[in-house]
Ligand code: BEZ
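We begin with a single chain expressed as C-alpha coordinates, specifically the form predicted alone.
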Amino acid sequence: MSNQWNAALYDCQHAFVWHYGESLLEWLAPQAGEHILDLGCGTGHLTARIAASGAQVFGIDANPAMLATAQQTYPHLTFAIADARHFQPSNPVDAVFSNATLHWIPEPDAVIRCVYQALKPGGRFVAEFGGKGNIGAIATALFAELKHLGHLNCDTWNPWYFPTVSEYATQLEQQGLEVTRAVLFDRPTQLEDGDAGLRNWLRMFANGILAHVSAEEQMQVMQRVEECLKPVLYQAGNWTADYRRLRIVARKI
(Lines give C-alpha, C1' and ligand atoms only; values in the text may rest on other atoms or scores of the structure.)
Protein backbone atom coordinates (compact mmCIF):
# COMPACT_ATOMS: atom_id res chain seq x y z
CA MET A 1 0.00 0.00 0.00
CA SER A 2 1.32 3.44 -0.88
CA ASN A 3 1.87 6.08 1.76
CA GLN A 4 -0.98 8.55 2.25
CA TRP A 5 -0.28 12.25 2.71
CA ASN A 6 -2.08 14.85 4.81
CA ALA A 7 -0.86 18.17 3.42
CA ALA A 8 -2.00 20.23 6.42
CA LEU A 9 -0.26 17.98 8.96
CA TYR A 10 2.78 17.77 6.70
CA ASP A 11 3.20 21.55 6.82
CA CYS A 12 2.23 21.84 10.49
CA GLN A 13 4.06 18.96 12.17
CA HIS A 14 6.79 18.03 9.67
CA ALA A 15 7.99 21.36 8.28
CA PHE A 16 11.55 20.25 9.01
CA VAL A 17 11.44 18.36 5.69
CA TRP A 18 11.52 21.50 3.59
CA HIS A 19 13.36 23.66 6.14
CA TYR A 20 16.36 21.34 5.92
CA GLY A 21 15.98 21.30 2.15
CA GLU A 22 16.67 25.03 1.99
CA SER A 23 20.41 24.39 2.30
CA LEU A 24 20.19 22.24 -0.85
CA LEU A 25 19.34 25.41 -2.76
CA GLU A 26 22.97 26.50 -2.28
CA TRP A 27 24.01 23.46 -4.34
CA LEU A 28 21.39 24.27 -6.97
CA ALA A 29 22.46 27.94 -7.14
CA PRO A 30 19.49 28.97 -9.31
CA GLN A 31 20.05 31.90 -11.65
CA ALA A 32 17.60 34.45 -12.99
CA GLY A 33 16.13 33.33 -16.28
CA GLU A 34 16.91 29.64 -15.84
CA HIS A 35 14.16 27.06 -16.32
CA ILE A 36 14.02 24.67 -13.36
CA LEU A 37 11.78 21.72 -12.56
CA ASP A 38 11.07 20.92 -8.89
CA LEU A 39 10.53 17.15 -8.83
CA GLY A 40 8.35 16.07 -5.90
CA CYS A 41 7.59 19.65 -4.90
CA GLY A 42 5.14 18.75 -2.12
CA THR A 43 3.46 21.85 -0.76
CA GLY A 44 5.66 24.14 -2.84
CA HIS A 45 7.77 26.01 -0.30
CA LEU A 46 11.10 25.25 -1.93
CA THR A 47 9.58 25.86 -5.37
CA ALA A 48 8.81 29.38 -4.17
CA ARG A 49 12.36 29.82 -2.85
CA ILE A 50 13.70 28.89 -6.28
CA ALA A 51 11.31 31.32 -7.97
CA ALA A 52 12.56 34.09 -5.69
CA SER A 53 15.93 33.82 -7.45
CA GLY A 54 14.33 34.96 -10.70
CA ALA A 55 14.35 31.48 -12.24
CA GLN A 56 11.33 30.19 -14.15
CA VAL A 57 10.31 27.21 -12.01
CA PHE A 58 7.46 24.74 -12.06
CA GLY A 59 6.71 21.99 -9.60
CA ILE A 60 5.39 18.48 -10.10
CA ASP A 61 4.16 15.96 -7.56
CA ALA A 62 2.09 12.80 -7.66
CA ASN A 63 -0.12 13.78 -4.72
CA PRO A 64 -3.16 15.95 -5.53
CA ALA A 65 -3.61 17.16 -1.93
CA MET A 66 -0.02 18.39 -1.72
CA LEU A 67 -0.35 20.18 -5.07
CA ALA A 68 -3.66 21.76 -4.10
CA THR A 69 -2.00 23.25 -1.02
CA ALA A 70 0.98 24.41 -3.08
CA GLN A 71 -1.24 26.10 -5.66
CA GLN A 72 -3.36 27.77 -2.97
CA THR A 73 -0.30 29.03 -1.12
CA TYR A 74 1.59 30.15 -4.22
CA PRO A 75 -1.04 30.98 -6.87
CA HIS A 76 1.53 32.80 -9.02
CA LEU A 77 3.55 29.59 -9.57
CA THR A 78 2.87 26.64 -11.88
CA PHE A 79 2.28 23.15 -10.50
CA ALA A 80 1.15 19.92 -12.13
CA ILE A 81 0.39 16.34 -11.14
CA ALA A 82 3.00 13.97 -12.52
CA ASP A 83 4.66 10.66 -11.67
CA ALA A 84 8.44 10.93 -11.17
CA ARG A 85 8.85 7.74 -13.21
CA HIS A 86 6.86 9.09 -16.19
CA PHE A 87 7.25 12.83 -16.70
CA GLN A 88 8.51 15.06 -19.46
CA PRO A 89 8.42 18.87 -19.50
CA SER A 90 7.26 20.55 -22.68
CA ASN A 91 10.75 21.98 -23.16
CA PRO A 92 14.15 20.91 -21.79
CA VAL A 93 15.18 22.60 -18.55
CA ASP A 94 18.44 23.93 -17.12
CA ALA A 95 18.06 21.99 -13.88
CA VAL A 96 15.99 19.37 -12.12
CA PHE A 97 15.79 19.82 -8.35
CA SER A 98 14.44 17.27 -5.87
CA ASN A 99 14.27 17.27 -2.07
CA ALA A 100 13.09 14.40 0.17
CA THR A 101 11.26 12.61 -2.63
CA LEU A 102 13.39 9.97 -4.34
CA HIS A 103 13.57 7.60 -1.36
CA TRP A 104 9.86 6.97 -1.94
CA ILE A 105 10.45 5.62 -5.45
CA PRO A 106 12.08 2.17 -5.62
CA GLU A 107 12.48 2.42 -9.41
CA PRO A 108 15.45 4.82 -9.64
CA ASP A 109 16.29 3.92 -13.23
CA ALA A 110 12.90 5.16 -14.44
CA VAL A 111 13.30 8.43 -12.54
CA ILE A 112 16.85 9.00 -13.79
CA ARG A 113 15.78 8.30 -17.37
CA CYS A 114 13.12 11.00 -17.11
CA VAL A 115 15.57 13.43 -15.49
CA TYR A 116 18.08 12.88 -18.30
CA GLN A 117 15.44 13.46 -20.96
CA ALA A 118 14.19 16.59 -19.19
CA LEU A 119 17.59 18.29 -19.03
CA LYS A 120 19.28 20.43 -21.65
CA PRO A 121 22.81 19.32 -22.61
CA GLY A 122 24.98 20.40 -19.68
CA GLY A 123 21.93 20.73 -17.46
CA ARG A 124 22.22 19.74 -13.80
CA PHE A 125 20.39 17.40 -11.47
CA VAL A 126 20.50 18.40 -7.80
CA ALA A 127 18.86 16.09 -5.29
CA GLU A 128 18.75 15.11 -1.64
CA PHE A 129 16.95 12.09 -0.20
CA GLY A 130 17.40 9.29 2.31
CA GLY A 131 20.63 7.38 1.88
CA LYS A 132 22.00 4.09 3.17
CA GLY A 133 21.18 3.72 6.87
CA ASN A 134 18.47 6.38 6.90
CA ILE A 135 16.03 5.83 9.79
CA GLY A 136 17.93 2.63 10.55
CA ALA A 137 16.83 2.41 14.18
CA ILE A 138 13.22 3.38 13.45
CA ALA A 139 12.81 0.94 10.58
CA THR A 140 14.47 -1.91 12.47
CA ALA A 141 12.19 -1.43 15.49
CA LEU A 142 9.08 -1.04 13.34
CA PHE A 143 9.56 -4.23 11.32
CA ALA A 144 10.68 -6.18 14.40
CA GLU A 145 7.44 -5.33 16.20
CA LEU A 146 5.35 -6.23 13.16
CA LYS A 147 7.08 -9.60 12.97
CA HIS A 148 6.54 -10.05 16.70
CA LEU A 149 2.82 -9.77 16.02
CA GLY A 150 3.06 -12.50 13.39
CA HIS A 151 3.42 -10.44 10.21
CA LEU A 152 6.46 -12.36 9.01
CA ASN A 153 6.24 -11.03 5.44
CA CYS A 154 6.24 -7.37 6.51
CA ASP A 155 9.62 -6.72 4.88
CA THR A 156 7.74 -6.75 1.57
CA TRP A 157 5.74 -3.73 2.80
CA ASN A 158 8.86 -1.55 2.92
CA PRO A 159 8.27 1.47 0.62
CA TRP A 160 11.70 3.07 1.04
CA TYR A 161 14.75 3.19 -1.21
CA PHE A 162 17.97 4.21 0.58
CA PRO A 163 21.01 3.69 -1.72
CA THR A 164 24.70 4.13 -1.06
CA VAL A 165 26.63 6.89 -2.81
CA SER A 166 28.26 4.40 -5.16
CA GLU A 167 24.98 2.64 -6.00
CA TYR A 168 23.22 5.84 -6.97
CA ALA A 169 26.20 7.42 -8.70
CA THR A 170 26.61 4.30 -10.83
CA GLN A 171 22.95 4.43 -11.88
CA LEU A 172 23.32 8.09 -12.85
CA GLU A 173 26.48 7.46 -14.84
CA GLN A 174 24.97 4.49 -16.65
CA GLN A 175 22.31 6.81 -18.05
CA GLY A 176 24.60 9.60 -19.19
CA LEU A 177 24.77 11.85 -16.13
CA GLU A 178 28.20 12.81 -14.80
CA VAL A 179 28.34 12.98 -11.00
CA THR A 180 30.25 16.08 -9.91
CA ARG A 181 29.46 16.12 -6.20
CA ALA A 182 28.07 13.52 -3.79
CA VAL A 183 27.96 13.06 -0.04
CA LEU A 184 26.23 10.78 2.46
CA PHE A 185 25.90 12.34 5.90
CA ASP A 186 24.16 11.90 9.24
CA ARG A 187 21.48 14.46 10.04
CA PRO A 188 19.76 13.69 13.34
CA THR A 189 16.45 15.53 13.12
CA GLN A 190 14.42 16.62 16.13
CA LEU A 191 10.74 15.85 15.67
CA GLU A 192 8.02 18.27 16.68
CA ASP A 193 5.31 17.78 19.34
CA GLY A 194 7.49 16.49 22.16
CA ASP A 195 6.37 13.11 23.48
CA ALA A 196 4.10 12.57 20.46
CA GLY A 197 6.87 13.26 17.94
CA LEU A 198 7.75 9.69 17.00
CA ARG A 199 4.14 8.52 16.91
CA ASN A 200 3.24 11.44 14.63
CA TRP A 201 6.22 10.61 12.41
CA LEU A 202 5.02 7.00 12.06
CA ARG A 203 1.50 8.14 11.24
CA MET A 204 2.78 10.45 8.51
CA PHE A 205 5.70 8.56 7.01
CA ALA A 206 4.90 4.91 7.77
CA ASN A 207 1.14 4.85 7.32
CA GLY A 208 1.47 2.78 4.15
CA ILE A 209 3.15 0.07 6.23
CA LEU A 210 0.77 0.32 9.17
CA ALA A 211 -2.23 0.17 6.84
CA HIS A 212 -1.55 -3.56 6.46
CA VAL A 213 -2.60 -4.22 10.07
CA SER A 214 -5.68 -3.47 12.17
CA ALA A 215 -6.17 -0.20 14.03
CA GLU A 216 -5.63 -2.04 17.32
CA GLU A 217 -2.35 -3.51 16.10
CA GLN A 218 -1.25 -0.12 14.79
CA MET A 219 -1.56 1.37 18.26
CA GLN A 220 0.24 -1.61 19.76
CA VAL A 221 3.08 -1.38 17.26
CA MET A 222 3.57 2.36 17.76
CA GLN A 223 3.61 1.96 21.53
CA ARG A 224 6.18 -0.83 21.38
CA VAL A 225 8.36 1.04 18.91
CA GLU A 226 8.36 4.00 21.29
CA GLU A 227 9.36 1.77 24.19
CA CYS A 228 12.14 0.19 22.15
CA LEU A 229 13.60 3.45 20.87
CA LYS A 230 13.18 5.66 23.92
CA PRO A 231 16.67 4.89 25.30
CA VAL A 232 18.18 5.69 21.89
CA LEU A 233 16.19 8.48 20.24
CA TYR A 234 14.43 10.30 23.12
CA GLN A 235 16.01 12.95 25.30
CA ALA A 236 14.78 15.91 27.35
CA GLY A 237 11.19 15.54 26.18
CA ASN A 238 11.92 15.28 22.47
CA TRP A 239 12.33 12.57 19.86
CA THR A 240 15.11 12.65 17.26
CA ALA A 241 14.85 10.72 13.98
CA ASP A 242 18.07 9.03 12.88
CA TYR A 243 18.21 10.52 9.41
CA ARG A 244 21.05 9.97 6.92
CA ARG A 245 20.87 11.94 3.71
CA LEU A 246 22.36 11.42 0.27
CA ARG A 247 23.01 14.71 -1.52
CA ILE A 248 24.18 14.67 -5.11
CA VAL A 249 24.84 16.87 -8.15
CA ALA A 250 25.14 15.45 -11.67
CA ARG A 251 25.30 17.00 -15.14
CA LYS A 252 23.94 15.77 -18.43
CA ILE A 253 26.87 14.93 -20.65
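Bear in mind that the values here come from a model prediction, so they are computed numbers and not experimental data. Residues carry their position along the shown sequence, with the first being 1.
Missing here is the form predicted together with benzoic acid; even so, the following discussion is about that form.
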Inset, instruction - Counting only non-hydrogen atoms, choose the one of 173 to 181, 155 to 163, 140 to 148, 80 to 88 that falls within 4.5 Å of benzoic acid in the model of the complex. - result: 155 to 163
Inset, instruction - Tell me, out of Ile112, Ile135, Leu119, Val126, which residue has a non-hydrogen atom within 4.5 angstroms of benzoic acid in the model of the complex. - result: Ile135
Inset, instruction - Indicate whether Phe58 is a 4.5 Å heavy atom neighbour of benzoic acid in the model of the complex. - result: no
Inset, instruction - Give a yes/no on whether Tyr74 approaches benzoic acid to within 4.5 Å in the model of the complex, heavy atoms considered. - result: no
Inset, instruction - Using the arrangement in the model of the complex, list in sequence order the residues of 194 to 209 with any heavy atom within 4.5 angstroms of benzoic acid. - result: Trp201, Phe205
